[in-house]
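Here we start with a single chain on its own, the form predicted alone, put down as structure tokens.
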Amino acid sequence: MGANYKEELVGVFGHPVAENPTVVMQAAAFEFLHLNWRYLTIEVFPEDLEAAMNGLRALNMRGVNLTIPHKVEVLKYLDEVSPAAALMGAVNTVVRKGDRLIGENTDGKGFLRALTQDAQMDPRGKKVVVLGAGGAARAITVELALAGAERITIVNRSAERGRILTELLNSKTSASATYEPWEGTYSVPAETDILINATSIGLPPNADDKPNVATDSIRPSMLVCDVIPAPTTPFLSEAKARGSAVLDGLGMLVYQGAIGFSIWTGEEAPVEVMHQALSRALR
């Protein structure tokens, strides 16, 4: 065997995509394991997604992540979709097997790994309250329901989105889901085991914002989670002050990246290396 100068290519298609930090953790993982792989951050406009997916095939890329606004639209251009991703109706990771493109969704799986490994909590039989009904809420609630969560309450301002997600969970999983309109300050029911902010409230540039939840309804018996990828948020700080255990969105982001890494490379992901690289970048 002579030298091999060919890099295996993966990446992310999105718009906008310049601030997507995924490359940082994937590049660190490739380097750590001495893999000749390259992760490309690629701006793909909505009207060019089909051409981009054809390009992925033509360039023999090994796979790709999809971010806003392509997670739903990409379903049209895939040969196969995992059952959980099909349920969510969204794909964030594509892997190429031979000439077939297979869609998976690692968003909810990343959350589940953070929940079970870092927070040491089994979702089976738990009562969960989720703030928001967008893509993150959909991925997380579907995975929680499939993992045996007993009751899921969707709290959302838009009734239509809230009802659609509730309906999906009730008809396609064994969890019992209800929708509650988010009007003014939301008071978390006392019997809640897990409270999750799955909205974008707290994302930079508005990093000081927090969801409108009655602070005194947060109890020490609850695990409070935030999908915002930061070591902490005002929402989590408040929960901590109330004596609750907390789970930040950084771990979730690392785990979903680690799952994608393994899907593409077939190797076990160096999670700690990826976490350190992402933490440094997001500081």
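The first residue of the shown sequence is 1; numbering continues from there. Values in this document were obtained by computation on a predicted structure and should not be read as measured data.
There is also a form predicted together with a small molecule; it is not shown, and the following applies to it.
S.K.: Looking at 214-222, 26-34, 55-63, 227-235, which stretch has residues with any non-hydrogen atom within 4.5 Å of the small molecule in the predicted complex?
M.R.: Correct option: 227-235.
S.K.: Considering non-hydrogen atoms and a 4.5 Å limit, which listed residue (Ile201, Met121, Val95, Ala86) is close to the small molecule in the predicted complex?
M.R.: Partner contact (heavy atom, 4.5 Å) among the options: Ile201.
S.K.: Tell me, out of Leu101, Ala136, Ile194, Val74, which residue has a non-hydrogen atom within 4.5 angstroms of the small molecule in the predicted complex.
M.R.: Partner contact (heavy atom, 4.5 Å) among the options: Ala136.
S.K.: Give a yes or no for Arg157: in the predicted complex, does one of its heavy atoms lie within 4.5 Å of a heavy atom belonging to the small molecule?
M.R.: Judged by the heavy-atom cut-off of 4.5 Å, Arg157 is in contact with the small molecule in the predicted complex.
S.K.: Looking in the predicted complex, any heavy atom of Val44 within 4.5 Å of the small molecule?
M.R.: Answer no; every heavy atom of Val44 is more than 4.5 Å from the small molecule in the predicted complex.
S.K.: Counting only non-hydrogen atoms and a 4.5 angstroms cut-off, does Leu253 reach the small molecule in the predicted complex?
M.R.: Answer yes; at least one heavy atom of Leu253 falls within 4.5 Å of the small molecule in the predicted complex.
S.K.: Does any part of Arg161 reach within 4.5 Å of the small molecule in the predicted complex? Heavy atoms only, please.
M.R.: Yes, Arg161 sits close enough to the small molecule in the predicted complex that at least one of its heavy atoms falls within 4.5 Å.
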